[in-house]
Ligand code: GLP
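Take a look at this one chain, the form predicted on its own, written out in structure tokens.
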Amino acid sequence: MAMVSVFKNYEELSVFAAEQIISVVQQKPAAVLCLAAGNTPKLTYQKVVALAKERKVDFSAAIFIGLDEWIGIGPTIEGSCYNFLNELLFAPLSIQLNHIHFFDAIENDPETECLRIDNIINVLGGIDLTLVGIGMNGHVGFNEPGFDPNLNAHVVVLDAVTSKVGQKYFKENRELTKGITLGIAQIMASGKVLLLANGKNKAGIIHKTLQENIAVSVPASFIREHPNGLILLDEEAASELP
């Protein structure tokens, strides 16, 4: 069962999450990491870069797998998951392109992209650490409420909540109707999973995730069953827990 840890604030949560990533790479330099984009892990990645430079932790052999991407959004567009991670992590750590495997979401055939990423994960022997946030509707990656927990990478019609909230990452209005994502099955097969949540606006969905039954209506609830899962919350996100 996953462990739940509550931190005084976002800063302390982010430092702890960064230490987890650093530790995995120190133990296994060629670690396979799957890291979510989004506002929640932003400070975590800044801390990873700072700690890696301070402690001379070598990320050059690490391999990065994309968690998800907006279909129709190219990697150079600000707001794409790739662009977010490239600016915060890949460029500052000088990660080579051949060590980064993200979904090409402007590929003509997204289904083929899913198989390509599935194959890469299989060849690499699975993911060592996955870091995810939690959507306002409880989604993880783009595994939306009502998802099939047995799927690997797949194409998703995005929930209206996800499409609306997603606009905040873009400078101009974008049509965000579909996504491409790793499945919960792949996330659950990771050696370690970190689920991060911060802020008062996540308190309601965190209560649902941790206090109600594990169900496809709240995808993040499945993380509770991960044997090496860490659910990391700041006090605000945990404020509706008993």
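The numbering used is simple: start at 1 and walk along the sequence shown. This one's a predicted model, so the numbers in the text were calculated from it and none came from an experiment.
Another form exists, predicted in complex with this ligand; not displayed. Remarks below refer to it.
Practice problem: Specify the contacting stretch among 106-114, 71-79, 91-99, 126-134, defined as having any heavy atom within 4.5 Å of this ligand in the predicted complex. | Solution: That would be 126-134.
Practice problem: Spell it out for me: taking this ligand in the predicted complex, does every residue among Ala17, Arg224 and Gly229 have a heavy atom no farther than 4.5 Å from it? | Solution: No, the whole trio is out of contact, none within 4.5 Å by any heavy atom.
Exercise. Give a yes/no on whether Tyr169 approaches this ligand to within 4.5 Å in the predicted complex, heavy atoms considered.
Key: Heavy-atom contact with this ligand at 4.5 Å: present for Tyr169.
Quiz item: Does Gly66 reach this ligand in the predicted complex, with heavy atoms at most 4.5 Å apart?
Solution: No.
Quiz item: Does Lys47 reach this ligand in the predicted complex, with heavy atoms at most 4.5 Å apart?
Solution: Taking the distances in the predicted complex, the answer for Lys47 is no, it never comes within 4.5 Å of this ligand.
Practice problem: Answer with yes or no whether Leu194 is in contact with this ligand in the predicted complex, where contact means some heavy atom within 4.5 Å. | Solution: Contact check for Leu194: no, nothing within 4.5 Å of this ligand in the predicted complex.
Quiz item: Given that this ligand is left out here, which of Ser60, Asn173, Gln211, Asn39 has a heavy atom within 4.5 Å of it in the predicted complex?
Solution: Of Ser60, Asn173, Gln211, Asn39, the residue with a heavy atom within 4.5 Å of this ligand in the predicted complex is Asn39.
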